[in-house]
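To begin, one chain is listed below as structure tokens, in the form predicted alone.
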């Protein structure tokens, strides 16, 4: 599933090309791709796209008259810049034509993603962010984790919870925990201030490093210009169970945490014993 760096890479490859352009055509190929429609999608015609924002893994398309569209890539979705005459990608569900002959193709083979339409941007934020998503992972601070002292959940499960931190998924949680030398099954309430600060710093470092490479392409992901992300070759632990840890040489171990495949270094990420706190 595209995580924060991949969604942000899509946004960055769109900004500067599509903002400020008026919609000249809307073609809906699968109406059930829209999860919510405050008005028929065809009524986007004539509106001008002002900007594209992001929170977590969702994009917020802000048009004039405060009209807002929210998009989510799901497991395998793509938003691709196309030109007139370009072949339609398989599983394309929505095409938006912008001034200048720019076509935006929204495709999603598995249809776990979708699009929402709102009359007001505040409605979009209320439904998708307020009470549903925590702080965006790129803006995460240690103070945002202060409530962890009252929680008994494990680190990976808490980081997967979008209400806690928005934008993280399996890839970058494994990478950040390895970098911070923290075990994914460690209880968050036993995490000391130093460990919380180190984790926050490592999350930011991993996300920014991935963004510098355009995200991670393992199979389906492409940015809006169809470029592959190059961060896969920099992954330290994700998908590398059985290989030596690049920090200490210990064989990396695979396990399941919060119903997700997980990879850890048993030496670098030794789990604290009951009663011990990670500083």
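These figures come from a predicted structure and were not determined experimentally. C-alpha atoms forming the largest set that superposes within 1.5 Å between two forms make up the rigid core. Numbering follows the first chain given and starts at 1.
FYI, the form predicted in complex with the DNA isn't displayed, but the following is about it.
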| message | Quick one: 160, 170 and 219 and the DNA in the predicted complex, is every residue within 4.5 Å by at least one heavy atom? | response | yes
| message | Based on heavy atom distances of 4.5 Å or less, which listed stretch (208 to 216, 241 to 249, 226 to 234, 57 to 65) is in contact with the DNA in the predicted complex? | response | 57 to 65
| message | At 4.5 Å between heavy atoms, is residue 261 in contact with the DNA in the predicted complex? | response | yes
| message | How about residue 35 - does it come within 4.5 Å of the DNA in the predicted complex, if we only consider non-hydrogen atoms? | response | yes
| task | Examine residue 190 and determine whether its closest non-hydrogen atom to the DNA in the predicted complex is within 4.5 angstroms. | result | no
| task | Indicate whether residue 204 is a 4.5 Å heavy atom neighbour of the DNA in the predicted complex. | result | no
| said: To verify the annotation, which of these, 75, 102, 129, 138, has a non-hydrogen atom within 4.5 Å of the DNA in the predicted complex? | reply: 75
| field | Members of 93 to 111 lying within 4.5 angstroms of the DNA, judged by heavy atom, in the predicted complex | value | 109, 110, 111
| With both forms fit on the core, is the shift of the CA atom of residue 142 between the shown form and the other one 2 Å or larger? | no
